[in-house]
Ligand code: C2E
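One chain is shown next in structure tokens, namely the form predicted on its own.
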Amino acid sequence: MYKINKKYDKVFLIILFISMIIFVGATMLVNRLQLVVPLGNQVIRSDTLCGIIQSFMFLLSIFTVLIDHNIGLGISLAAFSVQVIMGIINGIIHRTTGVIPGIINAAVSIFVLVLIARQLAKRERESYTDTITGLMNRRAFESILNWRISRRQSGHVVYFIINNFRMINENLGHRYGDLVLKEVAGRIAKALGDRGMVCKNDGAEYLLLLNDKGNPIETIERIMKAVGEKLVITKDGIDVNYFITCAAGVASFPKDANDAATLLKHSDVAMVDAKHRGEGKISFYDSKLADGVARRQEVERKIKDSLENDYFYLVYQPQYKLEEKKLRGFETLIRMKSPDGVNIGPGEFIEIAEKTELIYQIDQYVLKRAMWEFGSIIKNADKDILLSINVSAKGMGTAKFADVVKGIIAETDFPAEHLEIELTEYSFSESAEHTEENIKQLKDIGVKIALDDFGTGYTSLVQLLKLPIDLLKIDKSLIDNIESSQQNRDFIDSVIYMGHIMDCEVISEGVETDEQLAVLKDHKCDFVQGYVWGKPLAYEVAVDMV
């Protein structure tokens, strides 16, 4: 259905087909009339003429097979079969063995053409097939989709992506990643059934072509459920459990577009939106989505430019001991200002970076830059100063992330006991096993661990009790109304009490008023940070405080 897709190929096939008919007719005529052609003192006999015609037919047959190995082979087999039959009949009628070379030549031509066609078919299958999963690839998908559109059929294109595949590749290696891709392909195909077809796109992406029957959401959710079931990978005799999360973008035809390229682009836009919204999300394309995706792509580009050209800069917000307003240290915060003067807030670019691989580069940039800037300052200071650096959930949930931090500590000669790594509770839902191992290794070299945004509800108390956390950071949203809300004060009191039971110190962030300071002091909070005692400072200003 997608072999002949150029009008010129069709024209050539028609011309070659007509030529083959003429040659077959000429062969039959020469044989029937036993024609001879005078050539000087010699004559060219009918069997020689037939041999010459066969040679031209063989050349034309090769052309037809190269243009389309299915149709071309069919035309060629029919033509040479007629020649074989006519040769046999002619030999019987005229009681001659002179036709035998022609018959053998025709048979050999058929054999050679079949070999050529089989090789072309194999190469075509390979060009339309993904080597890892055995599914059809994007090229085949586009051809089939265009074929369905040309027949005025309707349906849905689904851009389906595995969110956390990079972690599998990094933790286990690409060989096991390929096994996961193959397993996911099987799960999708089984859950999809006769409701459509699935093809493999690049990386951890799949393309689904759903029939226009029933609700596409139900079909996609069924596939996501199947893909999300526990995946057990055995490596070196040890079973490793993985749970795969997905996102899907949907574009419908002919509603959203009427050609494969545009439909794939629209479904990709919807997929990016779904991935941005979180795990297991499904987005349907509409024109408004394109604006949001364009903005995210623009910010992604600016993040890449900032990493390559050092447009990022760091600011440092002071932290104080609440009782005596003694400087504890600084929390490191990243900012971005591109050469065109446009500032993009961290709330926007960090969120976008976390949906991509860029967050890993930002983590390493902040760690290296902050430790370079403060290394010698802290070592020569007469105060016990801590430098606190935020690390993303993805970063902390990556295998051997602790080794990355150790490498930067060695490179910058930063005193590990003066470094505090801040992670969020969400880190434990990203990959609790790797997060806990990274924490343990960092603690072993003296690095302190702070749990940021505490109270947002991702972490169980049982899990917290097992972790060697040094500092709990109370999220700003929990103290905004503590001056006026008894319920909020009671909750804060419980959090601080729990932190002290766990042998942790507690810091409240986002403190903005003296009234909040007073309440936190009454509830025995250890440290505070916020505008009430200090906004984020440029490096030069922060250094003067040490």
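Residue numbers here begin at 1 and follow the sequence given. Because the structure is a prediction, the values reported are computed rather than measured.
Here the subject shifts to the form predicted in complex with this ligand, a form of this protein not shown in this document.
Under a 4.5 angstroms non-hydrogen atom cutoff, this ligand in the predicted bound form lacks residue 222 among its neighbouring residues. The shortest heavy atom separation between residue 476 and this ligand in the predicted bound form is within 4.5 Å. Contact between residue 183 and this ligand in the predicted bound form is not found at the 4.5 Å heavy atom cutoff. Using a 4.5 angstroms limit between non-hydrogen atoms, residue 493 is distant from this ligand in the predicted bound form. Out of the listed residues 392, 76, 398, 267, 392 is the one that sits within 4.5 Å of this ligand in the predicted bound form by at least one heavy atom.
This chain is displayed alone, yet in the predicted bound form one of 436, 422, 300, 205 has a heavy atom within 4.5 Å of this ligand; that residue is 422.
Heavy atoms within 4.5 Å of this ligand in the predicted bound form map, among the stretches 58 to 66, 485 to 493, 517 to 525, 504 to 512, onto 504 to 512 alone. The putative spot formed by 350, 366 and 531 is fully lined by this ligand in the predicted bound form; each residue has a non-hydrogen atom within 4.5 angstroms of it. For the stretch 304 to 341, the set of residues having any non-hydrogen atom within 4.5 angstroms of this ligand in the predicted bound form comprises 317, 331, 332, 333, 334, 335, in sequence order.
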